[in-house]
Structure formats: C-alpha cells, structure tokens
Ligand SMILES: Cc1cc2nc3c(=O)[nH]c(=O)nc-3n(C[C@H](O)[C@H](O)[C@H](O)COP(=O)(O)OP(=O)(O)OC[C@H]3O[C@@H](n4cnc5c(N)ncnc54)[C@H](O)[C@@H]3O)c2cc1C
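Before any questions on how it binds or moves, here is one chain, the form predicted alone, in structure tokens.
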C-alpha cells in the first residue's frame, strides 16, 4: 500500500506532529518490542477527534487497526498496512461517581485499580498486575486471579468506523473467555464505566499488594513480552504443560520460553515476529505430542508476515 500524501496532509492538520506519524516502527509501541512499520500511526486526543479520524479514513478508503498500549499483541515483521489508532495519555482520564468509575480507554489497568482502591472501591484488585490498557482489557475480557472485566464493566462508549459515537450496556457486550463483541464489530472502545462495591481501603490495598508481589515473583517482567502467550486450555494451565514438556528456556532466534514462567514467550534480544511464531508452533506441536492438549495463542497477531 503506497502512502497517500493527501491523507497525510489532512491528518497532520487535524492531529499535529506529536499525534501523527508516518511509517512508524511498531516495535516502539508494543511491549514485545517487536513489529514492522505502520503506514500511519494516530493518537486521538478524545472521542470527538477520533470520530473525525474515522471520517477521514473512510474518505480515503484507508483500513485501520485499533491498539491499546500494545501489551497483548504481536505485530508481524512487515508491519501494518493502513492506519493504527492508539489510545494514549489524553484518553486515560478517570473519575469516580459513587460506586462507579468512568475512565478513558487509554488508562492503564494498574492505575485504574489503584484509583479504585484510593476511593474505597473493591472488585478491581484482580487487574492490578495485568499489563495493559482499560480499553484493551475490555476488548479481550482480560482477567487474572479471582476476576475478569465482565464482572465489573457496565457500560462502554465506542466510535464506529463511520464516526458515530455509540453506547453499549452490559448485556450487549457479549463477554466470554477472552472475548467481547468488539472483536467482531471493529469499533474503537473509548470510555468505560465500571461498577464496583464499597470496601475497606486498607484491605483493598493489601490485596493489591499481595497480587503485585505474586506477579513480580513469578512473571518475567524484566524482559519484553506480550504477557501470557497462550489461552488456558480447559482443565489445565498452559505454563504447567509447557514446563512439564521440558520447554522452559527453549529458544528460536531471539524468542525464548521464559525460564521464570513457561507461559510467557519473551524477547531475549532482537527477536523477530517470525521467531515468535516459530517458537509458538514448536511449543504447540510438542505439548500436543506429549499431552494431547492443543494450545492456542492468547496474544493477538496482527500485520503482514
């Protein structure tokens, strides 16, 4: 796909040079530190600006991909054609209204979890260690320990590819295991309302501290990764199966099964997306051969190989 100079001119005028990039390496914008260039990378400041972006993309017939903070994705080595829309600081606001928190899609989960604790609200402690944005967590119905997003999300505002702002209520979100309606409708999650319960601030903080300590002691946070690589197979834990198959430390190029937690593929240095895909395939084949269990990636794979 060749770059469209008319689109570049209009997008630059709408967003400014700090919110719009051309041929931008996605390795700079994912927690894996992997990924080829996006033709265009756009950082909307608010829902209204995002609506204008979508109208512009439609006018020029440019496809788009929506990203949170890039923590649960593997961008392939040839990058992403069209536009990548990434939520960032201006879309990370949060406010408390009684037992509800209203927050922008770009807010980090750990920050929203801490904000809830500071306001004496319980129910979001499980999310304190998930390395992603609130919007990305809703998209994936992210979960950990004793909860997931489906238990606390009551409303979501989105922008459609036509630039229309829509509101989804809880019963319209189609939450399932690592699944939501937004994986199918292509809409951009912009604002989320969470409903929590009143609780004791000290008890809530103690739970967050416990989950944080557990995560830091068990997960390879010192190395770039996309978080947990595989979905949990029914009746098993992916990391345990991989460990029992003797694959801890297995390496393809710069991609490695973490020696700290076998459920994570890490970038041990200059890994390519091709390295990661080969390693995932090797793990799938060997775990299936030994245990008869099929593993499927939890990581979202996007772009061109």
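Residue numbers count along the first chain shown, from 1. Everything quoted here is computed from the prediction, not taken from an experiment.
What comes next is about the form predicted together with the ligand, which does not appear here.
- Not displayed here, the ligand is kept clear of residue 40 by more than 4.5 Å at the level of heavy atoms in the model of the complex.
- In the model of the complex, the ligand stays beyond 4.5 Å of every heavy atom belonging to residue 116.
- Although the partner is absent from this view, residue 69 contacts the ligand in the model of the complex, with a non-hydrogen atom inside 4.5 angstroms.
- Although the partner is absent here, residue 251 lies well away from the ligand in the model of the complex, with no heavy atom inside 4.5 Å.
- Proximity to the ligand in the model of the complex holds for all of 130, 215 and 219, with the criterion being a heavy atom within 4.5 Å.
- The contact with the ligand in the model of the complex, taken as any heavy atom within 4.5 Å, belongs to 144 out of 181, 154, 102, 144.
- Here the chain stands by itself, but in the model of the complex one stretch of 163-171, 117-125, 200-208, 186-194, 186-194, has heavy atoms within 4.5 Å of the ligand.
- Applying a 4.5 Å heavy atom cutoff to the ligand in the model of the complex picks out 219, 221, 225, 226, 227 from 219-239, in order along the sequence.
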